[in-house]
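One chain comes next, on its own, written as structure tokens: the form predicted alone.
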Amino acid sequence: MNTSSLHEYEKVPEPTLRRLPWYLSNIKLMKEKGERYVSSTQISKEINIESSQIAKDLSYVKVSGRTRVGYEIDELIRVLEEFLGFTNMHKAFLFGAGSLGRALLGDSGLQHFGLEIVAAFDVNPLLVGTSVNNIPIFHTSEFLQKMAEYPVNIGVLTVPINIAQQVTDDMIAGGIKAVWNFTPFRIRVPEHIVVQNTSLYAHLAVMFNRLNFNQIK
């Protein structure tokens, strides 16, 4: 990514970045149905987001549509995938090969979105030396050695919360530049490190709260 495109990327609000993959998935479904063009109004009907918001979000991507026709689907898919980084393969290490970690190792679909987990680390002797989906699981003590062998700059964190900060510190000291945190623990990192928190438990709490609220109305 060149300097000018990086500056444009930094201006994109995070809510917009979170919505763009929704648009991409919906547009791909339309393509499967034989559609060649799609408008923000059509996308709006499918995902219940205002068409004006969709048009504004797509304006960040620098893609233009045709009046009364909409966006050319193949071009929109190409531009969105490139903008979101899905066309470049980013290699990652996973830390914590428990049930959640192994589920992520088994998810080959991540590669369709530009993420390839190339190895995992754990201290459980029953897991070390095994593999999931042809991805090897090494002992955590081998992390620095493997950093020298693999071109990795992303760490996927699925360890117990009581060691989440320590493992994060070790990852960063070893050269990891971005952390995808699946633990409910809010890790602390230097400013130059990218963190994306994805707590399943937090989402469950919101769902349960809304469910209970709806039931007592």
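Given the structure is predicted, the values throughout are model-derived calculations rather than measurements. Start at 1 with the first residue shown and count on from there.
Keep in mind that the form predicted together with another copy of the chain is not shown, yet the notes after this line are about it.
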Next on the checklist: If we define contact as a non-hydrogen atom of the residue within 4.5 angstroms of the partner, is S99 a contact of another copy of the chain in the predicted bound form?
Outcome noted: yes
Item to check | another copy of the chain contact in the predicted bound form: H90, any heavy atom under 4.5 Å | outcome: yes
Checklist entry - Taking heavy atoms and a 4.5 Å cut-off, does L126 contact another copy of the chain in the predicted bound form? => result no
Next on the checklist: So in the predicted bound form, is another copy of the chain close enough to N26 to count as touching (4.5 Å, heavy atoms)?
Outcome noted: yes
Checklist entry - Out of the stretches listed (118-126, 134-142, 82-90, 69-77), which one is close to another copy of the chain in the predicted bound form, meaning heavy atoms within 4.5 Å? => result 82-90
Checklist entry - Hey, which residues along 197-215 are within 4.5 angstroms of another copy of the chain in the predicted bound form, non-hydrogen atoms only? => result N197, T198, L200, Y201, A202, H203, L204, A205, V206, M207, F208, N209, R210, L211, N212, F213, N214, Q215
